[in-house]
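Given as structure tokens, the chain that follows is alone and in the form predicted alone.
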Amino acid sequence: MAILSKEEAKKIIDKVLAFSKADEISVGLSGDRTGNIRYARNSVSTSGETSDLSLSVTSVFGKKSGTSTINEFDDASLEKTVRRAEEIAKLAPDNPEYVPMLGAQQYAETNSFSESTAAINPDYRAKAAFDSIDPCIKKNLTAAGYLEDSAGFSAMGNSKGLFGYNKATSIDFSITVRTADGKGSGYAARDYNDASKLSTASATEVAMQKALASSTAKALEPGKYTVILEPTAGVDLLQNMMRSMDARNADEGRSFLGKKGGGTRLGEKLFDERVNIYSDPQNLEIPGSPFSGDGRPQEKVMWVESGVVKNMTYSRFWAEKQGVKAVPPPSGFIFQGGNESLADLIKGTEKGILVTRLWYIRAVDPQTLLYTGLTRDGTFYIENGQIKYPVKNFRFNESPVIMLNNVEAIGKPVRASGNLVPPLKIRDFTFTSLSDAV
């Protein structure tokens, strides 16, 4: 029962709406089947599957709102949930920023559901783990991995006539491989909507190669280096930047898009002219939901074009206050790139450092987007277009804004954490100290 059809979901939502005595009511209904398998030290430690179906009701009187949730769907329970939401709303203080609910909307068709992922069972997960663990055992390496698959739906409706429904699937896999002496470590991650695209064996092979190649790391002096950030490294800093494109924070001077003394940097060229970033829920490689959490349609949006900031995200309240269109945050973004592979970028580098992954990233200054963190699981020195030797990990202090002004080359985008991100060659990337961790 975890995945309801569009008709089944609408029937339940309409029933809940009919119970309402509030000025406005919105209903959210969602369900999924989620499975996972986890292993460490070349042995499966946990595996399981859960199924969930839940409904939330938000009732509004004037500018007072209350929300109640339930996972029982008989008529008496549904009506009780509506009454409870209404009771909470009457007790709540006014929300001075409340915006009336949206009316009926038109949503684009997206292709975020894959039957191959929905059909995953314990046998599939066991084989996926075996295909990763077995080659590691044969080479005296130690694997630790996690696979999670999900198939579900989300639906929403309200008393103004809005209704939306979407089905989606996802599969996420990550693998860390260590050498027997613990001195070498490699990592790889893959995520898709369509499970037929995933090979845990090929992803593990990448992590194995990095582990074996990184076991004799040498120390380099910290400083500014040309780096090649693999997509698994670059995506973390880019996601942080994309999450910081809220217009209200900019207008109030609390983000990198705000100007001292007032105003924003919307329309300004802040990055290298080769930087183009957009979102599109209908993109076939990273299909997303056709609607945002509050029911606004997700549309194709250009965020950065030729280095110029073209859009910011707006809540409905802030957009109304500013007299502009309310643009929801994207579920995923696409960083346009070229046709060069990661290997091509390495071949074109005289001296530099290849970074597999960044972790433990923390904000230092939100107004400049300065972050600090560590490299991990395979960091290598490049000379004359070849990987020469592994190097010890670094702590970095860098801002994606500065980073995207120091672009030397942009490779072909690949999917990473639900986004399309190219490998990036960046000059003058700042490493501040060494780390003994692998």
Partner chain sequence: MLSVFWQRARSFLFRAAALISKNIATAIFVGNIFYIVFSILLPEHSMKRRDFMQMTGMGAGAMLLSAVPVIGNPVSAAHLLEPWIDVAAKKKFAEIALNAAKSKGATYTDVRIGRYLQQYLFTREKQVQNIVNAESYGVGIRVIANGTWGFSATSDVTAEGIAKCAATAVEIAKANSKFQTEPVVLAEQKGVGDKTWKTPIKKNAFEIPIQEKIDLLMNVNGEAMKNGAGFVTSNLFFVNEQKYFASSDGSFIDQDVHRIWPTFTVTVTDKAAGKFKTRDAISSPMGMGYEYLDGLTSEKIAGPNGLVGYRNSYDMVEDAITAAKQAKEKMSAKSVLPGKYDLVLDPNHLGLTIHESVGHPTELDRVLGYEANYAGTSFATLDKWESKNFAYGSKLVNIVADKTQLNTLGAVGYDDEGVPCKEWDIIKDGVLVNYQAIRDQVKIIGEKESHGCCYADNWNSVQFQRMPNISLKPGTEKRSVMDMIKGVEKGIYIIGRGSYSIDQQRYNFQFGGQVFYEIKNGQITGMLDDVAYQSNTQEFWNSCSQLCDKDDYRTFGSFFDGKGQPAQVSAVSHGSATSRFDGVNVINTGRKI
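Numbering follows the first chain given and starts at 1. Here the structure is a predicted model, which is why all the values come from computation and not from measurement.
Beyond what is shown, the protein has a form predicted together with its partner chain; the following relates to that form.
> With a 4.5 Å heavy atom cut-off, would you call G323 a contact of its partner chain in the predicted bound form?
Although its partner chain is absent here, G323 would stay clear of it in the predicted bound form, with no heavy atoms inside 4.5 Å.
> Does R41 make contact with its partner chain in the predicted bound form, using a 4.5 Å heavy atom cut-off?
Heavy-atom contact with its partner chain at 4.5 Å: present for R41.
> In the predicted bound form, does G385 have a heavy atom within 4.5 Å of its partner chain?
Flag for G385 set to no.
> Can you tell me whether T356 touches its partner chain? I mean in the predicted bound form, with a 4.5 angstroms heavy atom cut-off.
T356: no, not in contact with its partner chain in the predicted bound form.
> Contact check in the predicted bound form: M156, P329 and S433 versus its partner chain, with a cutoff of 4.5 Å between any heavy atoms. Do all three pass?
Yes: M156, P329 and S433 each sit within 4.5 Å of its partner chain in the predicted bound form.
> Only one of E115, E273, E72, D75 comes within 4.5 Å of its partner chain in the predicted bound form by heavy atoms, so just point that one out.
Going through each option in turn, the one that passes is E72.
> Could you work out which of R84, K197, K160, K310 is the residue within 4.5 angstroms of its partner chain in the predicted bound form, going by heavy atoms?
Flagged contact: R84.
> Heavy atoms within 4.5 Å of its partner chain in the predicted bound form: which of the stretches 209-217, 345-353, 102-110, 361-369 has them?
Selected range: 361-369.
> Using a 4.5 Å cut-off on heavy atoms, what residues in 78-116 are near its partner chain in the predicted bound form?
In sequence order, R84, I88, P93, N95, P96, E97 come within 4.5 Å of the partner.
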